[in-house]
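Taking the form predicted alone, here's one chain by itself in C-alpha cells.
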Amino acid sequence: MEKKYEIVVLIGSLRRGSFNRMLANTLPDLAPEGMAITLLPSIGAIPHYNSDTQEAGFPQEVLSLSSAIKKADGVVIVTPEYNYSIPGALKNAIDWLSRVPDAPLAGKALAIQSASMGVFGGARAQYHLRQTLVCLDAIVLNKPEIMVGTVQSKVSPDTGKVFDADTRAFVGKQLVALALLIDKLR
C-alpha cells in the first residue's frame, strides 16, 4: 500500500480507562503501510447541542473537530454501547457535526469499532450509529465489522492497548478495507 491515508479516530467514550479508548490507542500500531492514524481530542468539552448556541456561533471545539474530519481521508469511530445505543456525548458530537457548513462527514469513508465486556461487543450501538450516519451521508464500511466482545480479557491496562493477537489481526484487516474504500471514493 503505497498511497497516503490520513485517518482520524473519534472516540465515543469519555472515561480515561475506557476499553474503547484502549482499542483506539492500538490503531496506530495496526495501520497498514502508508496510513497515518490520529486520535481526535475528547468530545467531552463539546457543549450540549442547542440551536440558540449555534445561532451565536459554532463552539471552537466543534469547528476544530469538523476541520480535522474534513481534512482526513477517513474516519474511525470507536464507541462503547450504552443502554443498547451510543453514548450521549457521541450523539451530541454527531448532532453538532450535522449542522456544520460543508458537512464534514458527507461522502467520507468511515469505519466503526466497538468493544464491551459482554459477548456482543457493542453490536447494538453500531446498528444505531449506522442509522444516525445515514443522515450525515457518511460512507460506512460494511465489512469487516469490529465488535470486540469480552474485551477485558484482550487489553492491557498497563499499556492501554489491545494485546490479543486475533483481535489485532482482525482490526488490521478492517484498516486495510478502509483504505480500499477510500481508494474507491477518490
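The first residue of the shown sequence is 1; numbering continues from there. Please read all numbers here as calculations on a predicted model, not as lab measurements.
As for the form predicted in complex with a further copy of the same chain, it is not shown, yet the points below apply to it.
**Q** Using heavy atoms and a 4.5 Å limit, would one call residue 63 a contact residue for a further copy of the same chain in the predicted complex?
**A** Residue 63: no contact with a further copy of the same chain in the predicted complex.
**Q** Taking the shortest heavy atom distance, is residue 14 within 4.5 Å of a further copy of the same chain in the predicted complex?
**A** Yes, residue 14 is a contact residue.
**Q** So, residue 39 and a further copy of the same chain: in the predicted complex, are they within 4.5 Å at any heavy atom pair?
**A** Contact check for residue 39: no, nothing within 4.5 Å of a further copy of the same chain in the predicted complex.
**Q** Residue-level question: is residue 103 within 4.5 Å of a further copy of the same chain in the predicted complex, judged on heavy atoms?
**A** It does not: once a further copy of the same chain is placed as it appears in the predicted complex, residue 103 has no heavy atom within 4.5 Å of it.
**Q** Taking the partner as it appears in the predicted complex, which of 50-58, 26-34, 63-71, 157-165 has residues with heavy atoms within 4.5 Å of a further copy of the same chain?
**A** Only one stretch passes the 4.5 Å heavy-atom test: 50-58.
**Q** Do any residues of 51-84 have a non-hydrogen atom within 4.5 angstroms of a further copy of the same chain in the predicted complex? If so, which ones, in sequence order?
**A** Heavy-atom contacts within 4.5 Å come from 51, 52, 82, 83, 84.
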